[in-house]
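One protein chain, two forms: both are listed below as structure tokens, the first as structure 1 and the second as structure 2.
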Structure 1
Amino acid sequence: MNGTVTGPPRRPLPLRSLLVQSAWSRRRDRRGFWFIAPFLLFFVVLMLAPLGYAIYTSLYTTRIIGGTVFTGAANYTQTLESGQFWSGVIRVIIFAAIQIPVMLAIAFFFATIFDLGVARYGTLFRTIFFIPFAVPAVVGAVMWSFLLEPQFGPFVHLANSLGFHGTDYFSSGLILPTIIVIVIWEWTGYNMVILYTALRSVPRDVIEAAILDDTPLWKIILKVKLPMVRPAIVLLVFINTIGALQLFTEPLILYYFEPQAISTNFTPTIYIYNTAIAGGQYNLAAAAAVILGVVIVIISVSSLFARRRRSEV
């Protein structure tokens, strides 16, 4: 004998028990389906159906003479060959290349300050920093439009007192930096909260070990904290890039204050809006919207694969 203790052989479950378990499993699966059914319904009605209709519409062209006819990829070809559409895309790329790094740098700085406990009343200041994100984009854009108004705006008077006479924040040369400032004000608090949450998840023993080794504060921030919150930074870069491609509200509001500075193709979304509403070319606008949607999907999928490759998901 090898000393192994063996119990009595297990009896197979009777058929009745198997049927009961199978029925319970089916009921559990149905409960799960009904739990997510409202989301699936809204997703299909509000997302998939409009997307499918946009794709369907983009394949047709409505003419004054001849009515609506099937034209296949003609609208896509016209959009891809449109200089107005690509000028808006280039402007948005420039906007994102400046706005996103500056905003994330400011957000990371304040998140680090709050995480280290340097600032007193951190909860109060975090709330204050987050308030601009809670303000609707339309309200924020209108507020900044009055603050930067060329004749009576307080920032114009401040620029004049500093020696910068004749400053017009709504001029064609300064309108893009003006929008960048407005968007940074709106979204820095949101990004700061996410980075602050990521910093709070950094193990305390790592920071304490660095402090015991007399590591300078700037090295703790840049060499310890920053690498450990890199997944959150990568996620925010992709999220803000997608948001930059959808830039619409701020330039549209500023258009009513200075129409000469905001063109009908200032951003891709404004190009789509003016093509559909002002131009009445709904089929062409649908094709441009589908192209923009495909670009956003590509960025989203690239973000997912990049994060998976880094074992962040």
Structure 2
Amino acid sequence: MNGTVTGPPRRPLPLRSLLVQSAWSRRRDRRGFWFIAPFLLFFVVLMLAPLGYAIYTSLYTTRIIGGTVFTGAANYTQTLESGQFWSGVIRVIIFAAIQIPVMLAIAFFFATIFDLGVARYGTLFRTIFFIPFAVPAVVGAVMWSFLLEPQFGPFVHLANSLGFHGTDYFSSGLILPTIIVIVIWEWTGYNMVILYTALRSVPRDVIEAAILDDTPLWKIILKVKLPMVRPAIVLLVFINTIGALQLFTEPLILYYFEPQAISTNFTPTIYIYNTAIAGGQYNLAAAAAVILGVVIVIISVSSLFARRRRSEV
């Protein structure tokens, strides 16, 4: 980067005026930094510095006798060898691998329906589906805990009346699907709205041309529209993956209602939280947080590249 203007293609200018313009704009473009500076100050102090401090902290160990001493990679080795930490990591990876595709499929289905205008009262449904986005994860998890509670929850009665007696949504086999349903409930509407707005911006003449070619509807949707909204889908996969790997609030609230259902290492973030707050082992927790960060980078960036086609994003 050498400071020259490299924006979108412009009209070709005569060489002399190009040089004049670039010198002029370089001088004033430097002023742009002052628009970014306030954010940058907050960003450095409240995000980069804490991250640096987390890495620094993770290299030390605080002992009751002897105080804080530099122990290098010891906290990392301990975390990497901890089955507790990794079982949480594997759980959130399984969670993400199921929850995200299911949610995006539902969201894309309804976004397509609303884009085509096939459903009656589409606007009303779109608004309804978006409502859970305004519900805090804490409240969402509290509501679902009541609904699924093994003794009195209405959904247990429902399962009983359908012939599934003794259904326990908080049992070890069903707790992950339960959380998947809760998170799908919370986030489908948001993803649907983003996909819907992306679909709306597909040029109309492209679709008209496909119709004139007698392309069947499913082909228009999957072969014409889907590729055109791929950037939005990639973005959503990326954001949802980052969120899913940090799963915390929903299982923690379920733990308050059914303590035996959620272990102290259920997800990596819960493991880090318990290590730091309940266990007081801040150095170890910092190392685990850094490792989780690396896991997130590897998985979400590879998901980005896996779905990326040339010339996109």
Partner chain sequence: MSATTVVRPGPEPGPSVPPPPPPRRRRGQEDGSIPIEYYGLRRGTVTAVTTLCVLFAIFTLVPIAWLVINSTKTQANIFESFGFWFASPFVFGKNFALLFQNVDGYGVYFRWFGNTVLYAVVGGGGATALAALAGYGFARFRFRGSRALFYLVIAALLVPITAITLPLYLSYAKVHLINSIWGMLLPSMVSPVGVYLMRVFVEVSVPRELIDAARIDGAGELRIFFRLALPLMVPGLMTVLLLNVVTVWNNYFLPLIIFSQNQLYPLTVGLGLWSQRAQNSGNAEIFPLIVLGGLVTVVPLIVLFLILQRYWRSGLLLGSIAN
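Take the two forms, find the largest set of C-alpha atoms that superpose within 1.5 Å, and that set is the rigid core. Here the structure is a predicted model, which means the values were calculated and not measured. When a residue number appears, read it as a position in the sequence of structure 1, where counting begins at 1.
J.: Which number goes with the form predicted together with its partner chain?
T.: Form predicted together with its partner chain: structure 2.
J.: When the rigid core is used for the superposition, does Ala37 move between structures 1 and 2 (threshold: C-alpha shift of 2 Å or more)?
T.: Yes, its C-alpha moves 2 Å or more.
J.: Core-aligned, what's the Cα displacement of Val297 between structures 1 and 2 in Å?
T.: For Val297, the alpha-carbon shift amounts to 3.6 Å.
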